[in-house]
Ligand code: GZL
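Here we start with a single chain on its own, the form predicted on its own, put down as structure tokens.
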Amino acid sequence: MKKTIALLLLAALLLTGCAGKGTPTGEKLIRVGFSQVGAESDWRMANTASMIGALCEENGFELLFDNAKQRQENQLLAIRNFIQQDVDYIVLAPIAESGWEDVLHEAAAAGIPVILVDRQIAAAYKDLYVTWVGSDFQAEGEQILRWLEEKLEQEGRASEPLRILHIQGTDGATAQIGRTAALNNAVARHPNWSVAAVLPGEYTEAKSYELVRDYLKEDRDIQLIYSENDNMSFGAMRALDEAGISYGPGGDVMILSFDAVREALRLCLDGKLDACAECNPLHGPRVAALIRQMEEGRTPGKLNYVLESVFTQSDLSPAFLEAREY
């Protein structure tokens, strides 16, 4: 998958590159510090490329980028460095929802507005950031689970037992909290549904592969894998292949995946994934627009949700994948 990620990043950089008219001579660049979670998935790489492409000099920005490598202490250090460098705005994709109070108070004391992207932070800190842009993660889960309910009903399987292997994202991340809540609510609605196990995949392909491989040595009686991102789905698929278990439409195990990056949609079109819930990573232009609003003295809305879809094999075509930006 390393080649896939590298190609995705290159394509996203080209697609989200600066398309503005350039910065007028003598106009001061808007300095933005961006603390990114890391590079743990194809989605994250596309998100980074979108941010770099939008917040560039040609569009009037000077971007200071920091990769936290999935460590919150690195993000705290990056934010404090941005404050010392007197940036105009701080953009944060938080690893977890808690642990931000002190550093965000420091940013507020320095008069630096904070914009959250992708994940959110605890409600107790709501006065410490200006605005957020991203996905409604619980709604994503509810949407894909409604699709599953309808599919099982149409196939006459609604009353059959459904044992679910839940591959969970990074504990405490907004996406993990929302997608997990959606599944838990669905299981509570269906007495014949049960969660066989919850595996901490941490949004990485390698970790998911190892966990699913080891789990299948002890328990192969599962009908559904609920995987909280595409890269974890890729790892699970590799483990299923090695165990000789078929999956996808018509297979022994259904797989529901999240993010809907191009590679996942290709696998969905090929009949390897049953459904993919979209999580659009192209937030760079949205963040740039929010900053422009604030530069004009306007206050953006607190929460800015992105509209998203669920994709199945019947929704896809090679032409659709070719036109996909991530």
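Since this is a predicted model, take the numbers as computed values, not measurements. In this text, residue numbers run from 1 along the sequence as written.
This protein has a second form, the form predicted in complex with the named molecule, left out of what is shown; the following refers to that one.
Colleague: Just to be sure I understand the contacts: of 226, 82, 234, 203, which is the one whose heavy atoms reach within 4.5 angstroms of the named molecule in the model of the complex?
Modeller: None of the other options qualify; the answer is 203.
Colleague: Which of these residues, 162, 175, 87, 240, gets a heavy atom within 4.5 Å of the named molecule in the model of the complex?
Modeller: The option sitting close enough to the partner is 175.
Colleague: Considering the named molecule in the model of the complex, find the one stretch among 54-62, 265-273, 40-48, 294-302 with heavy atoms no farther than 4.5 Å from it.
Modeller: Stretch 40-48 is the one.
Colleague: Since only the chain is shown here, I'm wondering whether residue 279 would be in contact with the named molecule in the model of the complex (any heavy atom pair within 4.5 Å).
Modeller: Yes, residue 279 is a contact residue.
Colleague: Do residue 119 and the named molecule come within 4.5 Å of each other in the model of the complex, heavy atoms counted?
Modeller: So residue 119 counts as contacting the named molecule.
Colleague: So which residues in 257-277, when you check the named molecule in the model of the complex, have a heavy atom no farther than 4.5 Å from it?
Modeller: The one in contact is 259.
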